[in-house]
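Given next, in structure tokens, is a single chain: the form predicted alone.
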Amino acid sequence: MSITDEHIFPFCVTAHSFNHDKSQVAVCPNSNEVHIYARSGTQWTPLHVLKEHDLLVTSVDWAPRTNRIVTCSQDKNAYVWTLDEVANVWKPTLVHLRINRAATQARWSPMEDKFAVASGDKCVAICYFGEDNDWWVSKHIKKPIASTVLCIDWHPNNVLLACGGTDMKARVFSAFIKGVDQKPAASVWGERLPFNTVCGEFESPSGGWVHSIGFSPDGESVAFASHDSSLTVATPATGEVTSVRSPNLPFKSLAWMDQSTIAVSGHDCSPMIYAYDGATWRLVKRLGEDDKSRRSATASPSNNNTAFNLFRQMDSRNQPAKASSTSTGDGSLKSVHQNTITELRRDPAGNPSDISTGGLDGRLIQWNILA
């Protein structure tokens, strides 16, 4: 494990997304704004502030090829931001979502010609640019979704969409848009794929809200993390559904690194790596905790104030600091992150060994799991 970059912001990082070469990053500071930072040497300097939403921004996604940013918010709106290179200003375009509840997550499709927005309105809005109306319009995936959708992920074929939410189900739908998509090749998920076709439905053994979901690199499997602290991997070609219960706190994000490796993170503050050994999925590594030389740097600026760190840990972990086997002598956690990891993202350039994590402790960390 190696940390390739670490920065501490003066605010919680509730969502983040890098541009194509990771020279800039868009972060949500737990407010109605999105801040864009640019790399300056070893530091990140503020560059732009995207101000258009009225309520808390819940998700941001930066398309690496088209260089467009999509944001969504609790104000039930989504915006597509395009950079005016002459004026050096990001210009927003309102998306016609047609939802009556908060938007929870937004993700560009692999071809970047459409994007999906999950919501609390028991639906997922599939958004594409309507040439006739000259703006972004949407179609809704609804049935059989019975509650808030928390997470979404696109299949490599640009047509299938995986989603999970508070109805404790993980599903795979067809998001085929006539006039935008070409007919996809037959796969393990089906041959005829009209819009809103349910191609698969899964759940973890003990139930629980589905916080994160993702397709494998070849699109043959789907993995999802539930609030019962489980990681479930379903492969329809073989009919195999493998669920691994974790003794740790629930995961909030996952990302496939390759066909046999999944990175997860969440309330336990340490990113973890699960690997398939031919029979089942096993935890093989906890990132950051084996790097003893970094532990002094993981404490807060009041590192020398032991009492402060003890109380801070009690507040963030909801348990007595001295009773925790995951803390150091000064009251800080052994992990690099000192609070919940809100989001784990894959490398925008597609490097399978690189991930990034952002957390409630204000840290934005880039990792290389092979170094």
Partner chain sequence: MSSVTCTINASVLKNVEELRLCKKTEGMKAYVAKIDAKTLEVVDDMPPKTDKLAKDERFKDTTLEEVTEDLPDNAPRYLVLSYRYEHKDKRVSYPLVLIYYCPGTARPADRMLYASTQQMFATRAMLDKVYLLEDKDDFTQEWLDEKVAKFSR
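Source: prediction; values computed, not measured. Residue numbers count along the first chain shown, from 1.
Although it is not shown, the form predicted in complex with the partner chain is what the next lines describe.
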### Task
Tell me, out of R98, R245, R286, K169, which residue has a non-hydrogen atom within 4.5 angstroms of the partner chain in the model of the complex.
R98
### Task
Tell me, out of V137, I273, V180, A102, which residue has a non-hydrogen atom within 4.5 angstroms of the partner chain in the model of the complex.
V137
### Task
Go through 206-214, 260-268, 128-136, 83-91 and give me the stretch that gets within 4.5 Å of the partner chain in the model of the complex, heavy atoms only.
128-136
### Query
Closest heavy atom of R282 to the partner chain in the model of the complex, within 4.5 Å or not?
no
